[in-house]
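First comes one chain, alone, set out as structure tokens in the form predicted alone.
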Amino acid sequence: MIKLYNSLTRKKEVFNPIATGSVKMYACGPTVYDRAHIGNFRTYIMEDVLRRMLKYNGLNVLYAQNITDVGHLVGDGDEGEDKMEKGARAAGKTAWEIAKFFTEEYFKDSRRLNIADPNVSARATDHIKEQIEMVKKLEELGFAYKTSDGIYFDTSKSTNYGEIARLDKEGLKEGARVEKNPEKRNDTDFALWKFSPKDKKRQMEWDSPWGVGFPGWHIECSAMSTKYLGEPFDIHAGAMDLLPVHHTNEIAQNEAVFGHKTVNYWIHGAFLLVNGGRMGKSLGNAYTLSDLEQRGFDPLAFRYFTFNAGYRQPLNFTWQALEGSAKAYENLIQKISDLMPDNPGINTKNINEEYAVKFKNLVSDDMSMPEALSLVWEMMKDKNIPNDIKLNTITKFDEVLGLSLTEKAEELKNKTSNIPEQVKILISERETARLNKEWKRSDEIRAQILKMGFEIKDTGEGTKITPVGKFV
């Protein structure tokens, strides 16, 4: 049984897909005017785990994600400059160039985090026709009106506008951070299509029945999700900050066009804090994956770090906390490497069913990743499970975890097995010194081995030697 917390109902519900055995899922992707930061990637990792968990339960998943490369205005309201145009000016490139560059960077970073590519990656600029058609439909149905700067959605015509956000319209107004527009019929009305400024030409603009311009931010997700997934579809996921404005407006558009609910489950991930506070470019703490790598961290150590809190709970990022997760991840890789035989024989592929059932129940219960990770460690320490069964079981778990556990462990084992003969001699000399309680000599040999690129760890299970540095 799969259970998911549905933002629409504010409760955890049993997940029942529309079609038996398959799931249609959509998630909001990046606005590609700059690199995605680790706060963004916490959400994308959550969505990847959700997709993996559904597949782990035997469901076929059709996953679509948008790439916002036009129409996302600064401040999330309907005033100000398009983020793409602003980003292009700052970079000294065209909007098309930066969209292509940062889209490619997004997918490179995603793959370093073991986030699988979506089945459909839909760029807003490739779907202008579909967005125009949806705006035309809204206009025909009486939900749209024209002002001097664009075509707007009339939220007073939507009987349940703002239901998902549990906010009154005054609250939604504040959430959108909109500026006062005297031509709007209601403060919460939002742009479906914006006209290009009369005094300058935009880099990204198209002809439409209403004049030259570009689509509003919200219409792209409505048009593209229903194009590729149909309606209704099962799951729409995204970050918590999208709920009060973007997703509220998506729902209003969808239900106006189709006349009924188009998404059954809305899944939202909580924020990543930095040192207990807000993350932001203006604060200089909107770290990217490259920032983490420059400090010597493997991207998958960050993926491991995100499992320290449930996806609906805020998670506080500090460099110390990431270091702790990196060490735990390295330790897990080391233990898995120790399970691997030097001369692999016939592998039965059997797993420990007791732990497997517990793991599946945890990840299927609204993605309880901290508890699932704790279970992984419990199993690793269980001395009653044979090494081969333990190895098979952790490999199975990694279908959801996405941490490349056995691959990293094999890599480590290969490195460790290639210890130079001179280092092996020094290790033997150090063991002799320790037996004779010659602690100073033992420390001198340890330092000598370290200079040769290997690190010695004295554990309850004996002496371990690994290559220096983060091997994962």
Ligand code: AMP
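None of these values were measured; they are calculated from a predicted model. All residue numbers refer to positions in the sequence shown, first residue = 1.
As for the form predicted in complex with the named molecule, it is not shown, yet the points below apply to it.
Residues of just one listed stretch (204-212, 382-390, 135-143, 278-286) have heavy atoms within 4.5 Å of the named molecule in the model of the complex: 278-286. Contact annotation for residue 272: at least one heavy atom lies within 4.5 Å of the named molecule in the model of the complex. Looking at residue 44, you'd find a heavy atom of it within 4.5 angstroms of the named molecule in the model of the complex.
Heavy atoms of residue 239 reach within 4.5 Å of the named molecule in the model of the complex, making it an interface residue.
The shortest heavy atom separation between residue 406 and the named molecule in the model of the complex exceeds 4.5 Å. By the 4.5 Å heavy atom rule, the three marked residues 51, 111 and 118 all fail to count as contacting the named molecule in the model of the complex. For the residues 157, 72, 123, 184, the 4.5 Å heavy atom test against the named molecule in the model of the complex is passed only by 72.
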